[in-house]
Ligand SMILES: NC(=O)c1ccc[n+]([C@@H]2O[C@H](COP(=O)([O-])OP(=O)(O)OC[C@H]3O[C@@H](n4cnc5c(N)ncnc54)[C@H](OP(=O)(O)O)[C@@H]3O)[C@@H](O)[C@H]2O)c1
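Starting off, we have a lone chain in the form predicted on its own, written out as structure tokens.
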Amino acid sequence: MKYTNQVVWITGASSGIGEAMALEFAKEKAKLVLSARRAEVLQEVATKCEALGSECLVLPMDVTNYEDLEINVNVVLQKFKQIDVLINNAGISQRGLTLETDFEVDRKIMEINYFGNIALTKAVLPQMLKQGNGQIVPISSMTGLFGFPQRSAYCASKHALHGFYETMQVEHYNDNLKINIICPGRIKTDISVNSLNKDGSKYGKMDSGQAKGISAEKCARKIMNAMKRNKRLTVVGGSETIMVKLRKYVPSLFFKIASRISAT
């Protein structure tokens, strides 16, 4: 399966997994819609993708500006006439104990990671159903499958995505709509740098575990492979992915180990 000439919309496309995914699709000559808040950085990504032969639409947006989502969908349709793939990658993490984290931090993370994610999906879904096909790829997290220290709001937002998209998988089982939930583990990106502290301030540094993670490029290749195979759920990462099996098969050992893991 190739994505040549398919219209692929990627949020959080200015860096990390989003940028790496854009470059992978550009290699297959997909038509790209690149979205994030930083227009100038998006343009830099677009230039790289265009050099690989991809046609790009730079569409700056904040996924929590819900009133603009329908407008943005129409912009894409005016340009490309269809939307074949939506990769919901925009998101933010946290670093703070549950008891000490301000409620406004919980709210902000949920707005971006969950409500912003599903709002764009709901805006795009009617077009996909109308054209008779589509592929939606929510970028969740390995912590969407279990709890992890200092990530209570982040984990909650990712768990919520699983409930939403698994329901969509059931509801559209007989439709030509692919929904592939991706659960990255430790990927070497700036997600920890951009995380929120317990008071809402920027964390501002790279976690040691994050720094040892697999590259965003390797992650992107694994995600594309899962998409081509239409896998409903895919865990991507290194040795840390063993925690998923421990949580499922030996929960008592999982909780013992997780309680001792450094969350930074």
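Given the structure is predicted, the values throughout are model-derived calculations rather than measurements. Note that residue numbering follows the sequence shown and begins at 1.
Here the subject shifts to the form predicted together with the named molecule, a form of this protein not shown in this document.
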Handout entry: Triplet Val85, Gly134 and Thr234 all within 4.5 Å of the named molecule in the model of the complex via a heavy atom
Key = no
Completion exercise
Residue within 4.5 Å of the named molecule in the model of the complex by heavy atom, from Ile187, Ile179, Val105, Leu120, is Ile187
Exercise for the section: Find the only residue in Ile112, Val76, Ala160, Met168 having a heavy atom within 4.5 Å of the named molecule in the model of the complex. Expected result: Ile112
Exercise for the section: Using a 4.5 Å heavy atom cut-off, state whether Met227 contacts the named molecule in the model of the complex. Expected result: no
Handout entry: Any non-hydrogen atom of Gly96 within 4.5 angstroms of the named molecule in the model of the complex
Key = no
Exercise for the section: Please check if Val58 has a heavy atom lying within 4.5 Å of any heavy atom of the named molecule in the model of the complex. Expected result: no
Exercise for the section: Indicate whether Ala13 is a 4.5 Å heavy atom neighbour of the named molecule in the model of the complex. Expected result: yes
Exercise for the section: Could you tell me which of 122 to 130, 77 to 85, 188 to 196, 171 to 179 sits within 4.5 Å of the named molecule in the model of the complex, going by non-hydrogen atoms? Expected result: 188 to 196
Practice task
Taking the named molecule as it sits in the model of the complex, which residues of 198 to 215 have a non-hydrogen atom within 4.5 Å of it? Please list them.
Solution key: Gln210
